[in-house]
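Shown here is one chain on its own, the form predicted on its own, set out as structure tokens.
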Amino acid sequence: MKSNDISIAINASPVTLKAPASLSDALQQWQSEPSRVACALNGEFVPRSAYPSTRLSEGDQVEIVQPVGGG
């Protein structure tokens, strides 16, 4: 890990991002479309409009939930 990288967990899987990183950056790395998911950071819901401005720190826990349709 480089000194300007941070380690976080996305859905309990370790991920390394280049700092500074936002929740939008994490979604991009996780290959999730922001308009189709809901996110929590360290157990707190984050409004979609705040994804770009929500900065991530070393050790953060991100949960990404994507609705699944069924019939």
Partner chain sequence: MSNQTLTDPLTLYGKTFNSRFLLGTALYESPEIMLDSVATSQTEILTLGLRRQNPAQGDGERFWQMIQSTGCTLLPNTAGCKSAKEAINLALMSRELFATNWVKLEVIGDDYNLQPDPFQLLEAAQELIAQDFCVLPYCTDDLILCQRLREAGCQVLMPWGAPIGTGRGLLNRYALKALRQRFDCPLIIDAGLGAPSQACDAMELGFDGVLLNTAVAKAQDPALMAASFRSAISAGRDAYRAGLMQKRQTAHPSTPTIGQPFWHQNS
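The shown structure was predicted, so the numbers you read here are calculated from the model rather than taken from an experiment. Definition used throughout: the rigid core is the maximal C-alpha set that superposes within 1.5 Å between two forms. Positions refer to the first chain, counted from 1.
There is another form of the same protein, the form predicted in complex with its partner chain; it is not shown, and what comes next is about it.
- Residue Pro47 is the only one of Pro20, Pro47, Pro14, Gly59 with a heavy atom lying within 4.5 Å of its partner chain in the predicted bound form.
- Although the partner is absent here, Asn42 is a contact residue: one of its heavy atoms lies within 4.5 angstroms of its partner chain in the predicted bound form.
- The closest heavy atom approach of Asn4 to its partner chain in the predicted bound form falls outside 4.5 Å.
- Looking at 29 to 43, the residues that come within 4.5 Å of its partner chain in the predicted bound form, counting any heavy atom, are Trp30, Gln31, Ser35, Arg36, Val37, Ala38, Cys39, Ala40, Asn42, Gly43.
- Superposition on the rigid core between this form and the one not shown places the CA atom of Glu33 2 Å or more away from its counterpart.
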